[in-house]
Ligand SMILES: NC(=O)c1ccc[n+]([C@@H]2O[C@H](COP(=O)([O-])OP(=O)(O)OC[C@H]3O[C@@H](n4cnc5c(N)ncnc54)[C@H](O)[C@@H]3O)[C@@H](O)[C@H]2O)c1
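One chain is shown next in structure tokens, namely the form predicted alone.
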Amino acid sequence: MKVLVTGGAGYIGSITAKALEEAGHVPVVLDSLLTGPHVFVRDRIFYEGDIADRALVTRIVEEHPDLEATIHMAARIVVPESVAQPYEYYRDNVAKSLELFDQLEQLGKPRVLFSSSASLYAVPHGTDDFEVTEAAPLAPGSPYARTKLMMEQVLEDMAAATDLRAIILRYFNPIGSDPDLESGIYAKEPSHVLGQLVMAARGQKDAFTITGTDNPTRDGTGIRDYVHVWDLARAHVRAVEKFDEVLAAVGEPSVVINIGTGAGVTVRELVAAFEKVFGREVPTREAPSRPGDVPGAFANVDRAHELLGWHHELSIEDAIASALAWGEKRQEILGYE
């Protein structure tokens, strides 16, 4: 099977392209290289350009008429940046995706697998149960998250009105690296929690900051569902392989599926797991919650089990070990620490 991967030079996109290859499929990468490094493309079929460039999308389909699906990952993804630059986020994530979807549908390439986000979910209130199903209330808290919700709604509406068909994967918290350490987090200073832990462990920061210790969780720190990025990549492979079967099973032209481990891990528990893998303590400090911080949630993954036959296989310790190994390798590949 040949699959178009937009954003295929990025962190999750490049690892998903590799998972497709390992399953015997051929990824075709479309990426503007706005953020993703060219080195992550490796020797894959590659088109540098914009997802809203209809002529380019047409040329890709003409040159690869056997494309069977599109995995749409290309997006701006930094929450604080989305607050400061909402125009750029709505333009790139929403307006440009509209052009892509319409062009794919017109070209007779209607299967779209969309990268969405668990940041859409409302914070569970008045409960100590932070598990969320796909039917849980939504309350996206940033322009970034709102662009993801808008794209879900766009896909649902277009699928109802046209031949377009959509599987929407709501990611929880991807961590870790490619198993062969060919790609991983590429930001010079990763904003996410595991990247910050790796920096503190390697002495690139003086301490790891635990923000928020008064959450209504079992130890007061935020709770998340950390899924190994390789498991997440495998979920995409399973979804494109079973695309028509999944939609037939639900009897709808689109469906939303959570992708996580189905277990919540607090920040203190993550630090403890990290120290166990790392072999020594990491200096930490505590700070109040930041504006927009939420206690968190974890995925109910029953639908992923039932529709995709997908289960996570790698542990949080596996992900931590791969992130640490990538921290040692990334300078060799990217040219910077």
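So that there is no doubt, residue numbering starts at 1 and follows the sequence shown. Note that the structure is a prediction, hence the values are computed from the model and not measured.
Just so you know, the form predicted together with the named molecule exists too; it's not on screen, but the next bit is about it.
Taking the partner from elsewhere, every residue among Y11, L33 and Y171 has a non-hydrogen atom within 4.5 angstroms of the named molecule in the predicted complex. Using a 4.5 angstroms threshold between heavy atoms, T261 stays clear of the named molecule in the predicted complex. Although the partner is absent from this view, M150 stays clear of the named molecule in the predicted complex, with no non-hydrogen atom inside 4.5 angstroms. At least one heavy atom of I77 is located within 4.5 Å of the named molecule in the predicted complex. Taking the partner from elsewhere, I223 is found to have every heavy atom lying beyond 4.5 Å of the named molecule in the predicted complex. Comment: 24-32 is the region of 294-302, 267-275, 61-69, 24-32 lying near the named molecule in the predicted complex, near meaning a non-hydrogen atom within 4.5 Å. When you look in the predicted complex, the only residue of Y121, W230, Y144, F101 with a non-hydrogen atom within 4.5 Å of the named molecule is Y144. Checking S254, S117, S82, Q196 for any heavy atom within 4.5 Å of the named molecule in the predicted complex turns up a single hit: S117.
Residues G49, D50, I51, M73, A74, A75 are the members of 38-75 with a non-hydrogen atom no more than 4.5 angstroms from the named molecule in the predicted complex.
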